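Below you'll find only one chain, the form predicted alone, shown as structure tokens.
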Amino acid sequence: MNITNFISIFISAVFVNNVILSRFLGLCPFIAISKETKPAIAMSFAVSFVIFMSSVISWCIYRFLLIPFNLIYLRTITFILVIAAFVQLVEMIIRKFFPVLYRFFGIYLPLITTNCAVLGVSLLNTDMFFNNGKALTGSFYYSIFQSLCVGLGYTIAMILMSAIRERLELCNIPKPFKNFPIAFVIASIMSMSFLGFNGFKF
């Protein structure tokens, strides 16, 4: 393991290849739950928790079950089952202890199961930190760190988006652009700014 690799993973996952603004994964809650900052932060924590836990479990399943038994072709469906289990856990916790937040999230909370950002991180970890069916040195720690950094990048994008949309409530926006249309315009501008970390290519 090398500290340089951790720094590279951090910069890449948070800024250069931000899961929302550069990879364009997980846009549904990004657009739907970002009207207010508090729900946006809560959703970010829920998604980050699922990303982290599913990455840990999926790495172990991939390393100790799928590879030894030549079941790599079951990778995607296995990871989806892991993600679904943790989403159910998060949903039960929020419904029990934060009923107001649960009602606010509505359908978007169980939709974390189909959030391609969560699945994307698990698949990305196995693609980046395994080679020819063998885990690279430090693979587990790199996978964990990358999942944390992706969650941080997701949270930053959600907070920025919600802060902008809250300010827009005080502006006189033309009626055709209110709500989702202006949200997509903001998202595209934010995406262009984040693409600047990677350099514009023509």
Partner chain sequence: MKNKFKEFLKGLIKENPTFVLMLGLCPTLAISTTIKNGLGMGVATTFVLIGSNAMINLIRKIVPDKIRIPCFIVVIASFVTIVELIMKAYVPILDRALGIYIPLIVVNCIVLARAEAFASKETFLNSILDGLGMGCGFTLALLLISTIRETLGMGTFFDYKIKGFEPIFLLSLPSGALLIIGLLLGFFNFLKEKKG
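Residue numbers count along the first chain shown, from 1. Worth saying up front: this structure is predicted, and the values here are computed from it rather than measured.
One more form of this protein, predicted together with its partner chain, exists but is not displayed; see below.
- For the marked spot (137, 148 and 196), a heavy atom within 4.5 Å of its partner chain in the predicted complex is absent from each of the three residues.
- For the chain shown alone, residue 73 is a contact residue for its partner chain in the predicted complex, at least one non-hydrogen atom being within 4.5 angstroms.
- Residue 77 belongs to the set of residues with a heavy atom inside 4.5 Å of its partner chain in the predicted complex.
- Residue contact check for residue 66: none of its heavy atoms lie within 4.5 Å of its partner chain in the predicted complex.
- Interface membership of residue 153, defined by any non-hydrogen atom within 4.5 Å of its partner chain in the predicted complex, is ruled out.
- Although its partner chain is not shown here, in the predicted complex the stretch 169 to 186 places heavy atoms of 175, 176, 177, 180, 181, 184, 185 within 4.5 Å of it, in sequence order.
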